[in-house]
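As a starting point, one isolated chain is supplied in C-alpha cells, in the form predicted on its own.
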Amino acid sequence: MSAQSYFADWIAVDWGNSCQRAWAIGEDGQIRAEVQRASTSRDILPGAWEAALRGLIGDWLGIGQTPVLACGMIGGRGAIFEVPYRSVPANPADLRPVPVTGLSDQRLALSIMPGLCQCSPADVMRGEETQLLGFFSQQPDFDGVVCLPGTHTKWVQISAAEVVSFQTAMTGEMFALLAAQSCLSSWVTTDEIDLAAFDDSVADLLADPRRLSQRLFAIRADALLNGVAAPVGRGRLSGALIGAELAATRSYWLGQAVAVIGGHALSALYLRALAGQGMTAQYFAGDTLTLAGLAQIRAKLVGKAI
C-alpha cells in the first residue's frame, strides 16, 4: 500500500538513520496505508524536522489531532524533540513514550519512544528497542543474542525479556561510504553480490581481522590488474566488513541462540555469514516487528487489549 490520502485513527512512525517508514492505522487496528522513504537524517536542517515529518505523514492528518507514535532518530539530539535514553538492563515493555510539546502543527499529537543506553562501554540505540518489544511478543521465552543489521548494526544480549548489554558496529555506514566515496567506488558499481567472494572474504577476515585495511585495498588492485568483476568486488567488500564485525562480536554470538532482525537482503548476508561458522539463526522482518512494538505501546496508552 502507498501513502494515499487517508485520515488515520493513529499513525506509527519508524525514523531510521537512512530510511523512514510510517503506517496509517484504522480504528480496527488494521493498516490502511503505508509509506517508506529513503533519506539520511543528517540531511535535515535544524528546525526542519517537523516539516520532514509532515512530508512523510501529512496525507493522513485530519482536521483534529491525530495521535502519532514514533521511534528512532526523530527522538535524538538535534531532532524534533530529544527524548532521554534509559539505561540497561531494561525491559522494552517498561518504556513509555514522551509527549512532544511546542509543535506548530496542532494536528500532530506526537509521542516518541525513548532509546536505550549503556554507559560502559558507551553505547546507544534508538528504534531497535521498539523492534525488540515486537520480537518479545512473538518470542517471549527467547534467551540469547539478537543481531539487528543496518546502518549501525546492533548485537544485543537478551535474558528474561531484558536487554542486558549491547554492542554497535558501524558496518553499514562504512560499507556505504567506501562503496560511494572511496577509491573502491569504481570497482563495486553494482547491486549484485558474488556470494562465493563474500563467503571467502568473511572467512578470511574472521581468521585475521587485523588485515582488514589491506584486504580492502586489494579489491581495487585485483580489479585493476586482473579485471575482477564488480559483483566480486562488492562481495569482497561486504564480506570483509561483516567478517571483521563477526570477529569483533564473537563473544556475543558464539554458542548462543541467535535471532536476526532487519531487512531481508542485508539480514540474508548476516545469516549466511553466521551459517558459515556453524550458527543457525532465526530471521524476523524488522518493519513487521517495529510496527508490532509500536502497536503494543499504543494499546497500553488507550487501555486496549492487543
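From a predicted model like this one, the values you see are computed outputs, not experimental measurements. The numbering used is simple: start at 1 and walk along the sequence shown.
The same protein also has a form predicted together with a further copy of the same chain, omitted here; what follows describes it.
In terms of contact with a further copy of the same chain in the model of the complex, the residue from T190, S137, Q167, S111 that brings a heavy atom within 4.5 Å is Q167. Listed residues A160, C183, A196, A229 were compared with a further copy of the same chain in the model of the complex; C183 is the one with a heavy atom within 4.5 Å.
Of the heavy atoms in L216, some are within 4.5 Å of a further copy of the same chain in the model of the complex. In the model of the complex, R210 approaches a further copy of the same chain with a heavy atom inside 4.5 Å.
Taking the partner from the other structure, a further copy of the same chain in the model of the complex has a heavy atom within 4.5 Å of a heavy atom of A247. Taking the partner from elsewhere, P89 is found to have every heavy atom lying beyond 4.5 Å of a further copy of the same chain in the model of the complex. Contact annotation for the candidate site: M73, R77 and P121 all lie close to a further copy of the same chain in the model of the complex (heavy atom within 4.5 Å). None of 196-204, 99-107, 142-150, 175-183 except one has non-hydrogen atoms within 4.5 angstroms of a further copy of the same chain in the model of the complex; the exception is 175-183. Of all the residues from 15-50, the single one having a non-hydrogen atom no more than 4.5 Å from a further copy of the same chain in the model of the complex is R42.
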